[in-house]
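Taken one at a time, structure 1 and structure 2 that follow are two forms of one protein chain, written as structure tokens.
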Structure 1
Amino acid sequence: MKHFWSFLFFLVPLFGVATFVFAPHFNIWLPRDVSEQGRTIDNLFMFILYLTGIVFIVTESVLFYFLWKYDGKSNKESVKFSHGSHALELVWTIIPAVTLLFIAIYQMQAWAADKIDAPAIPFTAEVTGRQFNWDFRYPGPDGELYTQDDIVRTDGKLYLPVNEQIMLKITSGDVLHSFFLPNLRVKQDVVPGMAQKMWFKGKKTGGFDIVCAELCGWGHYKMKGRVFFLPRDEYDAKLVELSAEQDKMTVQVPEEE
């Protein structure tokens, strides 16, 4: 078949673009955003996607054109080798460099809001990653961590108040992990020996996924959890319930015969 390879290579960008166009209609696109800052992250993501998508379509179209025009079965002229063009090399070096610099500057505000400008509020809870689970510690009635009234949970369920600014302290008990909340568009690498911070505001009640985004060992796949956003009164009641449940925990010792 004439121009077979030209058509074959043309299918790659065609299916690639079609995937991004139709994915949202089949609910296989980004998870539902339930956070205050998620729109900023999504807008930045879409901007970079459109920008790189345009470059992708243009370069693949040029590739298709050259495959079509210089098909070996249609051109009987002998091949001519060129040593390249210094001017062209400068152009396709400077344009990507300027584009990357523009993206770096464009996203600075989003990066600062997500990673630098931390709100001056106390920690809502502490997250500890360990092979292979997420542990959570809440401050008790005194509002301070590492005191006698702390509430410690190891069931992978994190409860937080909705429509309130949240500040998490994130640590690791062993190796590298990455605390990722897809529905809130936030992720923080968890490094042993370092206390990291993460802040966000959930805007929807309900339960959402917690995953580890860093390959941390053979049981990495088991580091799944859930974050539950509750109205303030239900959140306070849940902490009371967790505290009472913790106080009732006992260990049964077998009687001596």
Structure 2
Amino acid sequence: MKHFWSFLFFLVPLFGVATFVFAPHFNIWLPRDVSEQGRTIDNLFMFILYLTGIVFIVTESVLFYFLWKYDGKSNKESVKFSHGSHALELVWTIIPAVTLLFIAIYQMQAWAADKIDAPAIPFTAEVTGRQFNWDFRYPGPDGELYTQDDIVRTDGKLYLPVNEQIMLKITSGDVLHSFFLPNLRVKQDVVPGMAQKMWFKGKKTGGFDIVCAELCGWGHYKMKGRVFFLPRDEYDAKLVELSAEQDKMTVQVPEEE
């Protein structure tokens, strides 16, 4: 077939665009967002996707056109003997530079909101990653961590009030882990010897996966937890229930995996 190779390379943008067009129909897309800050991240993702998508389609199409037009078998014109163009170099240096710098500055606000400007509120809970489980510690009625009335849970279930600013303290008991809540668009590596802060606001009630995103040993794949967002009254009742449950126990022996 004439121009077979140029058409083969044209498959790339076709396949690429088709994948992103059809993926949402097969329910493979950004997971359901249940957080307040997730929308900013999703919008930024989509903004970059559209921007890069246009550049992708244009450059791949230009590549296809050149391969088709300048196929040595059909192109009878003589070769354009050119070593380059200073003007063109300037154009395709300045335009990408400005665009990239714009993206960088545009998203600084979102980064600061997610990782720098921590709200001055007490910790809702402490998260401890260990091989291969997530442990949670709630401050109890006095609102302070590491006191007598703390509630400690090792069942991998984290209960949080919905529609309220949450502040978590994140630590590790052994190796690196990464506390990842896909539905809330938050992720933070968990580093032994350091305490990290993480804050977010859940907007939907229900249970969502907690994933470990940093390789932490052979059981990494099953280091699964669930976060449950409850209305305030149910959350308060849940903490009372957990506290009572804890009082009945004498010694908490960590389970051997």
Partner chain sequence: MSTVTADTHAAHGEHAPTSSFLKTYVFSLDHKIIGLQFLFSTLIWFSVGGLLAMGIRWQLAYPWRPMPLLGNLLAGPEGGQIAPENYTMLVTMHATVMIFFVIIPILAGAFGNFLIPLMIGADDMAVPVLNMLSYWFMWPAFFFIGSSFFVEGGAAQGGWTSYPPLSVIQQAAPGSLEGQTLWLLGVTFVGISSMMGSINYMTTIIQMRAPGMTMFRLPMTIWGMFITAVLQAFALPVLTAAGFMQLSDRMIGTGFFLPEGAMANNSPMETGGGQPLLWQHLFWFYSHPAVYIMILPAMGMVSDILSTFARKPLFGYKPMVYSISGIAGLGFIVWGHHMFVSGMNPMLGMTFMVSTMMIALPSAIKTFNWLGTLWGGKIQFTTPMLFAISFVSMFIIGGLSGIFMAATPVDIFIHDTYYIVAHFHYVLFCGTAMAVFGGIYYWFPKMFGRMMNDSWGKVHFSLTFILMNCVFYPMHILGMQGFPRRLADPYHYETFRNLLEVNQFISWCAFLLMASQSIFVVNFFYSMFFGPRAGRNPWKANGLEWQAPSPPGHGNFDFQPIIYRGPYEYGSPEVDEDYYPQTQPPKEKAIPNDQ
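Each form is matched to the other, and the largest set of C-alpha atoms that superpose within 1.5 Å is called the rigid core. Just so it is clear, the model here is predicted, and its values are computed rather than measured. Throughout, residue numbering runs from 1 along the sequence of structure 1.
- As for origin, structure 2 is the form predicted together with its partner chain and structure 1 is not.
- Two rigid parts turn against each other between structure 1 and structure 2; the point where they join, the hinge, is M108 in the list F81, I121, M108, M194.
- Put simply, the smaller rigid part swings 14 degrees relative to the larger one between structure 1 and structure 2, by C-alpha superposition.
- The shift recorded for the CA atom of A97 between structure 1 and structure 2 is 5.1 Å, with superposition on the rigid core.
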